[in-house]
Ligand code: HQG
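Read the single chain below, which is given as structure tokens and is the form predicted alone.
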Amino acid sequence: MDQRLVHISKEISYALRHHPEEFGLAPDEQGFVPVDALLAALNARHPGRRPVTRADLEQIIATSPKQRHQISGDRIRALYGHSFATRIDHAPATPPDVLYHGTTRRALASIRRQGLLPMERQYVHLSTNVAMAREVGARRDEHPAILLVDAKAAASDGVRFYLGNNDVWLADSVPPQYLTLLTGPDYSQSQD
């Protein structure tokens, strides 16, 4: 994806996942906004920029490896990662046997006690591979802790998982008994 579309993709994520009100958008109960309203808002914020078109949105969605957005008819939404009140419903799905979660080392004590919680997000985000979990954890910690999630056992015991995209799985929460530290300080010994 070219740099122009990468920049636009980030702006769309910001608008649809975090601050729709800054763009004059009002997502419905499933997080959708009219495509035309999003395009108008994006173009009004940058009047000197080449206008963003529906074709640009479709190219972003088709070529983005993270698959963060969805167009349905004349509406668009972010699929996951929202920090505002609208909860995007996903159908429960059977996860891979193991998933991964990257986090800060300072969060380990809380995770050891409470498990993985969505915090300011709607869901806990889990990765299908260690590299992606490390990339996510490194956003807030230069040497992140990587947790292995025994998704097979958790799902068997009733933990609900949802497919976010090919590389991201979601869960309402993951109790600590399904977590094993792969890298980082000794998880079993982490202190409050």
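Position 1 is the first residue in the sequence shown; the rest follow in order. Computed from a predicted structure; not experimentally measured.
Note that the form predicted in complex with the ligand isn't included here; everything after this is about it.
Colleague: Which residue, 155, 136, 35, 130, is the contact with the ligand in the predicted bound form, using a 4.5 Å heavy atom cutoff?
Modeller: The residue in contact is 136.
Colleague: Contact with the ligand in the predicted bound form for residue 111, defined as at least one heavy atom pair within 4.5 Å: yes or no?
Modeller: Judged by the heavy-atom cut-off of 4.5 Å, residue 111 is in contact with the ligand in the predicted bound form.
Colleague: Counting only non-hydrogen atoms and a 4.5 angstroms cut-off, does residue 117 reach the ligand in the predicted bound form?
Modeller: Heavy-atom contact with the ligand at 4.5 Å: present for residue 117.
Colleague: Would residue 45 sit within 4.5 Å of the ligand in the predicted bound form, counting heavy atoms only?
Modeller: Output for residue 45 is no: heavy atoms all beyond 4.5 Å of the ligand.
Colleague: At 4.5 Å between heavy atoms, is residue 121 in contact with the ligand in the predicted bound form?
Modeller: So residue 121 counts as contacting the ligand.
Colleague: Tell me which stretch of 23 to 31, 138 to 146, 50 to 58, 36 to 44 has a heavy atom within 4.5 angstroms of the ligand in the predicted bound form.
Modeller: One stretch meets the cut-off, namely 138 to 146.
Colleague: Pull the contact list for 3 to 34: residues with a heavy atom within 4.5 Å of the ligand in the predicted bound form, in sequence order.
Modeller: Heavy-atom contacts to the ligand in the predicted bound form: only 17.
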